[in-house]
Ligand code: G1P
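Before any questions on binding or motion, here is one chain by itself as structure tokens, the form predicted on its own.
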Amino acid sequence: MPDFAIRTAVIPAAGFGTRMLPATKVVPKELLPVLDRPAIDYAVAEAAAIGIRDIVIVIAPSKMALPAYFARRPELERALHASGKRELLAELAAIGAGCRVRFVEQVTPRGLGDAVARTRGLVGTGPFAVLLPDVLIDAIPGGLSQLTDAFDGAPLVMVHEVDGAEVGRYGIAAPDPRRAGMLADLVEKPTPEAAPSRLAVTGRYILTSEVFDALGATPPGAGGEIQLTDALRRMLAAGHPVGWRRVRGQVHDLGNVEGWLAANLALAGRRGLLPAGEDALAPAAEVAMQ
């Protein structure tokens, strides 16, 4: 019987975070807080929730704050212990708890596809997940759990519907009209006129090792970068099935100020941290169930 267990998650975190400058000039966007936790914590927790214990994070040489975040701070732990702050000690101990967190560098920012390609030696031959940490999916079960429930051995991408004017920011899915839940094509950042649908790739994938060969054969595409979408399109053209599932929940883009603020307000409202009525200020994108 095939082994469909997902044991490794790849989290690409090498980008400059230009949409959040100047805040990200020194602080990686993945460490910007969403309420009391950095954004990357939500991605790691989403992976750990389905039993993944091997996390591979792709970073730029300038983003060593990310390995530092997942490393222990003995002097801080001693200070908290001495002052009796046991709850804070527990919070620190929970960072990446139970997971092996490894890092690989992407020296030159050459796109998401290149970032994923650099993990080949750490991922191995089994299926693996990819989570973009600047996309927060507020849902129960989590976005990655929704994908793994549908995984049957073929790569899967998660999608959500966007306005027509926004399709040029995403990889856009073209569902296969003959096969439910399967893709006919994927197009990276099309014009509104050329977009095959308004179903945008959400930033959650389950991939198989065949993607590494496809990435190796994929030339730079949109923006002069190696696009993961183009590699999956290459696999589709070669007859390799790729499926899709629509997210059930709320999607927040943490990579821009508006999306980051909406995520903070939405989560604060749910936790009861806002005065009555003010949670209505959070315009989170409500995504319909497929």
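From 1 onward, residues are counted along the sequence shown. Everything numeric in this text was worked out from a predicted model, so none of it was measured.
Not pictured, yet referred to below: the form predicted in complex with the named molecule.
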4.5 Å heavy atom contact, Phe128 and the named molecule in the predicted bound form: no
Contact label in the predicted bound form: Thr202 to the named molecule, heavy atom within 4.5 Å: yes
Gly171, heavy atom within 4.5 angstroms of the named molecule in the predicted bound form: yes
In the predicted bound form, Arg198 touching the named molecule (heavy atom, 4.5 Å): no
Which of 80-88, 131-139, 101-109, 212-220 lines the interface with the named molecule in the predicted bound form (heavy atom within 4.5 Å): 131-139
